[in-house]
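Single chain ahead, written as structure tokens, the form predicted on its own.
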Amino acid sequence: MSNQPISFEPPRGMRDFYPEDMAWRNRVFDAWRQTATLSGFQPYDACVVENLELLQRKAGEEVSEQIYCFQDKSERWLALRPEMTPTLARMIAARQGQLPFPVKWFTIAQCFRYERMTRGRKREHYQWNLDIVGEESVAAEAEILACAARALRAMGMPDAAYRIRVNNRALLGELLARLGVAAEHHAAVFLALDKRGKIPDEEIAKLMAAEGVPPETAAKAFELLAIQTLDQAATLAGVESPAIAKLRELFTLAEQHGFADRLVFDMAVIRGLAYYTGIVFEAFDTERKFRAIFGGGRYDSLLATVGGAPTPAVGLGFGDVVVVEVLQELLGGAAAAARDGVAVGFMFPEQRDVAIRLAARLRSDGTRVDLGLSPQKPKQFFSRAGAGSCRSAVFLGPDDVANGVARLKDLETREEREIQL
């Protein structure tokens, strides 16, 4: 055994949640659950340890290199899930003949990735997953994005503070084909271009070259990212482009859902995961100071990849790290700690039973009560109550108990009113 003192810090990249941190986490989680339920999504969950083979079905991607994997005592290779979508695909495939499609499911999953940490990126995070499986139309993308927009509003995010950037991988495929880029190079081009802005263009060109993409093809791929508008993309793709038609339909549906003012076409949105097949999207703060708030897209081939029947699907992953950073900057670090409830204290042991009965009565009425557990002096009680999370406070002394009446004090306005004991 080492004699070195034990560190009080969590493992690198992992997090502890003190009460003030939980206030923010609960604000985000509550918005996720409420809006998903309002939109008709059903909750599900799964084991945090997954079969490594399932996760490696997407071999060659960055995520595969970031998996926390290990062998159990029976020498089976297992892993901590880096994302939820492969597990969802496994669960859907297991009951594919019994489920009433389309299914709309959501979960809040803890995920782990061993990666280089930067602002907004940890090695452990919670992620809200919204998925619609079994629906071919763009209505599925619109429904998921509308739900995400409602969740941001429920958290207190102003509509003007973010934008949802959308593209279509099928459109990129059409344009690359028109430029003479062979289909076998498309996946490598997508994966490389997804790193634009994160690493220099020369490095991206090297990544494409390592995958066998010729230099002239790489140059053509970079040219595509100069496209600024959907109309420009439509001019290049042609009037008959199915990918353009789907994007135009999404913008039309966004008008009906009420989030079109936050939807922007962006040719640079590609998403690094190879299983995306169609429309893809990412939300960023308007000033682009932070990483993506959420991202996702259509993945019509994933169920077949894990052994299920081919089934259309759309999904969104929305992590808790970046959105809390954005909200704290916009609203202030203390915004999540809304004061609520009543602190109840007493001066001498003789008032304890009355304090307990008062707390029990208030709690039975649905009021949150922080009950003092031992006698305190008034100054000590109000100092603690003022630093806590309760909005009001009641302190019981001998006279209050004798008269059957105490004073309920608002800790913010300092106003008082009588309360019967």
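Note that the structure is predicted; figures quoted are calculated from it, not measured. Residue positions are given as counts along the sequence shown, with the first one as 1.
Absent from the display: the form predicted in complex with histidyl-adenosine monophosphate. The rest refers to it.
Student: Where, among 73 to 81, 308 to 316, 228 to 236, 160 to 168, do residues come within 4.5 Å of histidyl-adenosine monophosphate in the model of the complex by heavy atom distance?
Tutor: One stretch meets the cut-off, namely 308 to 316.
Student: Quick one: of 246, 90, 125, 220, which gets a non-hydrogen atom within 4.5 angstroms of histidyl-adenosine monophosphate in the model of the complex?
Tutor: Exactly one residue meets the criterion: 125.
Student: Under a 4.5 angstroms heavy atom criterion, identify the one residue in 115, 300, 201, 211 near histidyl-adenosine monophosphate in the model of the complex.
Tutor: When histidyl-adenosine monophosphate is considered in the model of the complex, the option within 4.5 Å is 115.
Student: Spell out, yes or no, whether the shortest heavy atom distance between residue 120 and histidyl-adenosine monophosphate in the model of the complex is within 4.5 Å.
Tutor: It does: once histidyl-adenosine monophosphate is placed as it appears in the model of the complex, residue 120 has a heavy atom within 4.5 Å of it.
Student: So in the model of the complex, is histidyl-adenosine monophosphate close enough to residue 107 to count as touching (4.5 Å, heavy atoms)?
Tutor: Looking in the model of the complex, residue contacts with histidyl-adenosine monophosphate do not include residue 107, since no heavy atom lies within 4.5 Å.
Student: With a cut-off of 4.5 Å between heavy atoms, is residue 192 one of the residues that contacts histidyl-adenosine monophosphate in the model of the complex?
Tutor: Residue 192: no contact with histidyl-adenosine monophosphate in the model of the complex.
Student: Indicate whether residue 293 is a 4.5 Å heavy atom neighbour of histidyl-adenosine monophosphate in the model of the complex.
Tutor: Heavy-atom contact with histidyl-adenosine monophosphate at 4.5 Å: present for residue 293.
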